[in-house]
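The chain below stands alone, shown as structure tokens; this is the form predicted on its own.
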């Protein structure tokens, strides 16, 4: 007699159902309410009136909002590219027999365990106190001032963001490398493929799924960057490092622009979804060609 296939245990349905209900209550309902209030003049309290698309139209006239979007896109593009390049190099190094492998793993994985806010505060102290002290002691003018207080503050945030973001991306690439059949490399070696040629013709194409995941998740995360900026510069100096997420928080809760910034949040949501869908379509087509 054939054994009956075991169905999914009811406990799993219960667990997923509970999580779905909680997600709907604490996320979806709040999101839908936010979309509703973005069409009003509500200040977060008291009465409100419908204003139609006024809030959305104002976004394209607001110089602070446009500046925040430009900074956010610049930040996201630079970080997404650099974090994937560095993570891929790290993963390839860790997948080979290099010296001090465990030390390297600890260095890149430490910030992922600490969290972006803690890392941001640590580097805020380093940039504001330790580096200027060393620069003054060595007589190096470029290091004698707090980088986060200058117009180049974005590069300090980028450095910290990439360092703290490499761990997750490296793990994805590392798992992809370890899933590649060694027979492929043996066959390539017989054909004379070595070094960079082996990487570009074999390794990187076979890492297409990992590359897709990392590109989409990195771009999505950096378009919504908030923690590192609040911990390191609070959007300054001036508004030079104010991302759109920071602007929404500061002007929405601190500036009395609740409904207007809700419209801004809806636009950001649409932008993130559009960028993610575009990336998925382009990168999935690349995977199909490779396959």
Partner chain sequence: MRRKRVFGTLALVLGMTCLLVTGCGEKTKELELFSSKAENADSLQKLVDEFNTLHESEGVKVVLNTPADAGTILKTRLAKNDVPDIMSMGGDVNYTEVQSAGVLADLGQESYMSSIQASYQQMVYDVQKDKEEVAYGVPYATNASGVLYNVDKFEELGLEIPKTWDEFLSVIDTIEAAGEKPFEFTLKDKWTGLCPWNSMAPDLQPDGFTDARLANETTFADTHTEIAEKYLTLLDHAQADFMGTGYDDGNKAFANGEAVMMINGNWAISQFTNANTDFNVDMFAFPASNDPAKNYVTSGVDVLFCVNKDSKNLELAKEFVAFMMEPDHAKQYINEQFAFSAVEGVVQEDAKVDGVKEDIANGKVANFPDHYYPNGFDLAALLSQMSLNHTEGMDRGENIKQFLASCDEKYDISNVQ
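In this text, the rigid core denotes the largest set of C-alpha atoms whose superposition between the two forms falls within 1.5 Å. Bear in mind that the values here come from a model prediction, so they are computed numbers and not experimental data. Residue numbers count along the first chain shown, from 1.
Just so you know, the form predicted in complex with its partner chain exists too; it's not on screen, but the next bit is about it.
Asks: Thinking of its partner chain in the predicted complex, which stretch from 148 to 156, 199 to 207, 73 to 81, 181 to 189 has heavy atoms inside 4.5 Å of it?
Replies: The contacting stretch here is 148 to 156.
Asks: Classify residue 63 as contacting or not contacting its partner chain in the predicted complex by the rule of any non-hydrogen atom within 4.5 angstroms, answering yes or no.
Replies: Yes, residue 63 sits close enough to its partner chain in the predicted complex that at least one of its heavy atoms falls within 4.5 Å.
Asks: Does the 4.5 Å heavy atom contact test between residue 52 and its partner chain in the predicted complex come out positive?
Replies: Residue 52: no contact with its partner chain in the predicted complex.
Asks: In the predicted complex, does residue 239 come within 4.5 Å of its partner chain, counting heavy atoms only?
Replies: Taking the distances in the predicted complex, the answer for residue 239 is yes, it comes within 4.5 Å of its partner chain.
Asks: Is residue 222 close enough to its partner chain in the predicted complex to count, meaning some heavy atom within 4.5 Å?
Replies: Output for residue 222 is no: heavy atoms all beyond 4.5 Å of its partner chain.
Asks: Even though the chain is shown alone, can you say which residues of 15 to 31 have a heavy atom within 4.5 Å of its partner chain in the predicted complex?
Replies: 18, 22 sit within 4.5 Å of the partner.
Asks: Once the core is aligned, please say if the CA of residue 45 is shifted by at least 2 angstroms between this form and the one not shown.
Replies: The answer is no, as the C-alpha of residue 45 shifts between this form and the one not shown by less than 2 Å after core alignment.
Asks: Would you say residue 16 moves its Cα by 2 Å or more between this form and the one not shown, aligning on the core?
Replies: Where the cores coincide, residue 16 still shows a C-alpha shift between this form and the one not shown that is 2 Å or more.
Asks: Once the two forms are fit on the core, has residue 26 moved its CA by at least 2 Å between this form and the one not shown?
Replies: Comparing the forms between this form and the one not shown, which are aligned on their rigid core, residue 26 does shift its C-alpha by 2 Å or more.
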